[in-house]
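Next up: a single chain in structure tokens, the form predicted on its own.
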């Protein structure tokens, strides 16, 4: 469904991403794990058109999307839920969700809104509340819900558990599983490698801008190098 080939990204003289190749088959959850600064977010931002690749290519559903503007990528069904719960603080929960459907012209926006409220009943309770007054966990729910309102075929999820209490982390990963069960393919970037490897089918390990390991998530989770570096030797 998504094919990345020899992707290079530079920030001036800094070679942030070096020849990264990865693929995400339809219907799977694939995770990209690595330390802070490894380049995980840079990859997602490049895939969604927020950054320009300096080399390599990205194909989605067989079509080249390298260099397309973000709104054109969203129209094709590839949607990015960014790191850091970036919501429109002065707008209501409903207005944030409606913005997620901004590019849509179909008649099923209302039914998708109800789907979001089934996944996140808390958002329905706060439908007219300003997004900036929500808790961190509620803002993460809103960011995910807004992404779903674009009716994605493929989700890029960047650090959905970042900064959340352990109890909320478990709930967010249950939502990731449910979104997948409902038919959405997911590329997940996550600092919590233990949870990411539990939810994923396949995993890539990124170090200093390049892939150093890949394989079925269950096998990667048992690799001694991964256990020592990312799972606390557990």
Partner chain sequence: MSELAPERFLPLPTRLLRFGLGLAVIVLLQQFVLPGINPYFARILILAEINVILAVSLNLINGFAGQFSLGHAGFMAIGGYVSAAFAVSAGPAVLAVLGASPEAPGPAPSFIVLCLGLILGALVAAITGLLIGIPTLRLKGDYLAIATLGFGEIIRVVIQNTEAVGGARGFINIPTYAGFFAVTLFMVLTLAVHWNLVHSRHGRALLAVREDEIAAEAMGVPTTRYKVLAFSIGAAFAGVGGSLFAHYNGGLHPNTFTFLKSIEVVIMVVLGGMGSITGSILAALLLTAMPELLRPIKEYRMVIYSLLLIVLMITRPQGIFGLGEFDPARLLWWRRARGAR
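All values derive from a computational prediction rather than experimental measurement. Positions refer to the first chain, counted from 1.
Keep in mind that the form predicted in complex with the partner chain is missing from the display, and what follows is about it.
Which among 118-126, 133-141, 157-165, 91-99 is in contact with the partner chain in the predicted complex, heavy atoms within 4.5 angstroms?
Single hit among the candidates: 91-99.
Exactly one residue in 70, 198, 208, 170 has a non-hydrogen atom within 4.5 Å of the partner chain in the predicted complex; which is it?
Going through each option in turn, the one that passes is 70.
Spell it out for me: taking the partner chain in the predicted complex, does every residue among 6, 22 and 53 have a heavy atom no farther than 4.5 Å from it?
None of them does, since no heavy atom lies within 4.5 Å of the partner.
Within 4.5 Å, heavy atoms only: does residue 45 come near the partner chain in the predicted complex?
Contact with the partner chain, yes.
Would residue 77 sit within 4.5 Å of the partner chain in the predicted complex, counting heavy atoms only?
Result no; residue 77 lies far from the partner chain in the predicted complex.
Given a 4.5 Å distance limit between heavy atoms, list every residue of 101-115 close to the partner chain in the predicted complex, or none if there are none.
Residues within 4.5 Å: 102, 103, 105, 107, 109, 110, 113.
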